[in-house]
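Let's start with one chain on its own, the form predicted on its own, as structure tokens.
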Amino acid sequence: MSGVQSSELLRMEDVFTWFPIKGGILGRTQAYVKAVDGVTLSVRRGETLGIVGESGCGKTTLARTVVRLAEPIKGRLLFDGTDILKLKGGRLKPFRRKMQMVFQDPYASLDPRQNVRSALTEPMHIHGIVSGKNEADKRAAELIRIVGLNPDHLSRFPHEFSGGQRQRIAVARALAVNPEFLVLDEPTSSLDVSVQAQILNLLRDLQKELGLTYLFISHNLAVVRQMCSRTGVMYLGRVVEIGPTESLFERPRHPYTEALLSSVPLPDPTKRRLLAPLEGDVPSPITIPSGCRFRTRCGYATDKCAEVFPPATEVAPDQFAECLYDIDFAKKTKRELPVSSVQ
């Protein structure tokens, strides 16, 4: 895990990213898909914050919101103290350079008609990082070496590379503008295991050498445990638990986190957990249940869970969960504990 400094590089405050559903003859908005529904979290300078959850929980929308590829309808997004949601056009451009994204699919994220040299040098020229073609080409050759490829590859096109090589090129393109912060949206999910390990090792080395900060989106809990200093768990557009990775993995304090971790197969029988109770399917993000949104699938839910929205509560040092109950206590009694909400 990477070392964590105390200062915040990025902070989301009560961010909502909803997508309208239009219908009827006049095409009026009839409902909203609530992909990100009131998320508050911070990413500390120099750390890797992981975000996990089932498909459809809002992880990718959260990632796209952070880099302003999806526009929220409400909230604040502070990067190094500046609310970038209030910026447009030329005022936003410097922050575009500081924040870059590596997408999930390396086959779709690279332009098939653009060779590697062009893909790397174009953002340099757009942001004025280089003064001319020779400097840009020299920088491109340096980047391609950093990610473990050969400068001879600069003249080739994406279809001439394997999946792992394409993802290395995508990482090099993200680094081309000297960013401080990278959003990594499942960067290894489409790669085989051996290539995954190479890309993860590359990302760790780059973070150490360049002082980068990562927001790491993944459904692979083993990778998150290996890569991330802190982890947030998303469910139906909310971060229902967040805390130090080891603490969260060793003692989850939200029933959904417990269910996710208990479903991971472990080779050592002595370390296997009993399956946590998890019922039914994920509700629609259009019609989210009242109260606790996880209550329809939670084996510990009571009538009060349908009536009260659980506040984020500090259940352990630097670990917060949106649940009315202490899990260990609820397993036996289902009685509400006197916990104090975080302001």
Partner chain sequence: MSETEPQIEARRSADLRLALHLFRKNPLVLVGLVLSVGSIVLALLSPFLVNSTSWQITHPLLKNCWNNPLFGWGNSNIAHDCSSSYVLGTDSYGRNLLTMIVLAIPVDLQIALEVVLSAVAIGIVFGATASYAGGIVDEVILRVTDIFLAVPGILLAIVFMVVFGRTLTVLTGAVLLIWWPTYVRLVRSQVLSEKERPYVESLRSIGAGRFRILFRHIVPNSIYPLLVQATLDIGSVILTVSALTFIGLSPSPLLPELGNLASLGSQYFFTAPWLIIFPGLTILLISLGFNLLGDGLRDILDPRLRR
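Everything numeric in this text was worked out from a predicted model, so none of it was measured. Numbering follows the first chain given and starts at 1.
There is another form of this protein, the form predicted together with the partner chain, and it is not shown here; the text below is about that form.
> Would residue 211 count as touching the partner chain in the predicted complex under a 4.5 Å heavy atom rule?
Replying inline: No, residue 211 is distant from the partner.
>> With the partner left out here, check for me: in the predicted complex, does some heavy atom of residue 117 sit within 4.5 Å of the partner chain?
In response: Because no heavy atom of residue 117 falls inside 4.5 Å of the partner chain in the predicted complex, the answer is no.
> Would residue 139 count as a contact of the partner chain in the predicted complex, using a 4.5 angstroms cut-off between non-hydrogen atoms?
Replying inline: The answer is no: residue 139 has no heavy atom within 4.5 Å of the partner chain.
> Is the gap between residue 166 and the partner chain in the predicted complex 4.5 Å or less for some heavy atom pair?
Replying inline: Within the cut-off, so yes.
>> Is it true that 101, 112 and 173, all three, sit within 4.5 Å of the partner chain in the predicted complex, judged by heavy atoms?
In response: The answer is yes; 101, 112 and 173 each reach the partner chain.
>> Just to confirm, with a 4.5 Å cut-off on non-hydrogen atoms, which of 131, 162, 178, 82 contacts the partner chain in the predicted complex?
In response: Partner contact (heavy atom, 4.5 Å) among the options: 162.
>> So if I measure heavy atom distances to the partner chain in the predicted complex, which of the stretches 146 to 154, 236 to 244, 72 to 80, 131 to 139 falls within 4.5 Å?
In response: Stretch 146 to 154 is the one.
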